[in-house]
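Presented as structure tokens, the chain that follows is alone, the form predicted alone.
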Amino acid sequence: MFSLEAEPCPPHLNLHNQDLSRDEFAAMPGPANKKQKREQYKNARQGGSTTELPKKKFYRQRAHANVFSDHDLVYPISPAYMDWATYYPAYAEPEVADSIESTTSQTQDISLKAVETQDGSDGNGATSSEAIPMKAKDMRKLKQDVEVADIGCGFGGLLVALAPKLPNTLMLGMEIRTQVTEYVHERINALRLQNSKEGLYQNAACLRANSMKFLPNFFKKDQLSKIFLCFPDPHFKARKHKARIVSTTLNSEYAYAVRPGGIVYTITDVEDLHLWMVEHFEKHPSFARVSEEEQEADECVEVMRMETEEGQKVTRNNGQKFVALFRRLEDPPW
């Protein structure tokens, strides 16, 4: 016969045997949980002075974020108000004499002001976005414009692979997830320090942004030469299609930011999404699909296939990758 009586709780775990409140009991020392380990790890990396690459396990976050929520975001009211020098200090114009001391430490560190959240959570909480009013004349200018945008850059695989191949081109990763953005910041900082003599990776940066809402706040007309849309969320359900990164409305924003002759790169392992993107770009009057021959000759395509984290995952799973490139056409005469 089996007894159904519950075994007594060990005395050291029995709240009734101790004069402790539940809060005091919860605060008792014990093995660090995941959140504590994450905080301890990040505190040890503060200052951006370590050459060790960050460990991805401390920056994991759910794969999806609601792009229609008001996240806690920092964004410029227009491209003229964007402080790019914080992200690309090596490409900044010389500073005014009285402000040199305030930014001398930025040569190896990327500001995290755009990835901080009010509550310190994982960044998916719905709070309010905020445009910071600053004077355009106070913005430190860059010697050249950002030309490449990786929208939904994930853990930065494309950025760090392309940066040495296009060393004279400024490229920006845009990611909505807080923890993932912070990981890419740390990754680029470490690579900059590792390659300080060669000056590599100074041309790559990442910021937290909702590109579906605020892309024109960052880029002026005809500024970009390339946009990458790598393995975007397929949003399989029909009612979720409005959240796809390619649509008639968003394609018009891409047409605004990409200069004539520039290229929008797309890749996915979901054929339905691939057909969706092809259909919407081909229907848009500002884009024409690049030929298969020209597509395969583009060095960025191989990087997009093999260097992104999602691309590597698809390769390991023996999946298919669907690629399509679209050239920005000249605007018709008025």
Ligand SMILES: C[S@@+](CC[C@H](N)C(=O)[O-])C[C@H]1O[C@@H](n2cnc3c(N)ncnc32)[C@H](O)[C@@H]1O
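Residue positions are given as counts along the sequence shown, with the first one as 1. Fair warning: this is a prediction, and the values are worked out from it, not measured in the lab.
Keep in mind that the form predicted in complex with this ligand is not shown, yet the notes after this line are about it.
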{"item": "Open or blocked: this ligand superposed from its pose in the predicted complex, cut-off 2.4 Å to backbone or C-beta", "value": "open"}
{"item": "Joint contact, 146, 169 and 298 to this ligand in the predicted complex, by non-hydrogen atom at 4.5 Å", "value": "no"}
{"item": "Interface residue in the predicted complex among 74, 161, 90, 245, criterion: non-hydrogen atom within 4.5 angstroms of this ligand", "value": "245"}
{"item": "Position in contact with this ligand when the complex is considered in the predicted complex, options 84, 183, 218, 231, heavy atoms within 4.5 Å", "value": "231"}
{"item": "Stretch in contact in the predicted complex with this ligand, which is absent here, among 257 to 265, 75 to 83, 205 to 213, 189 to 197 (heavy atoms within 4.5 Å)", "value": "205 to 213"}
{"item": "4.5 angstroms heavy atom contact with this ligand in the predicted complex for residue 177", "value": "yes"}
{"item": "Touches this ligand in the predicted complex: residue 153 (any heavy atom, 4.5 Å)", "value": "yes"}
{"item": "Residues of stretch 295 to 310 in contact with this ligand in the predicted complex (4.5 Å, non-hydrogen atom)", "value": "308, 309, 310"}
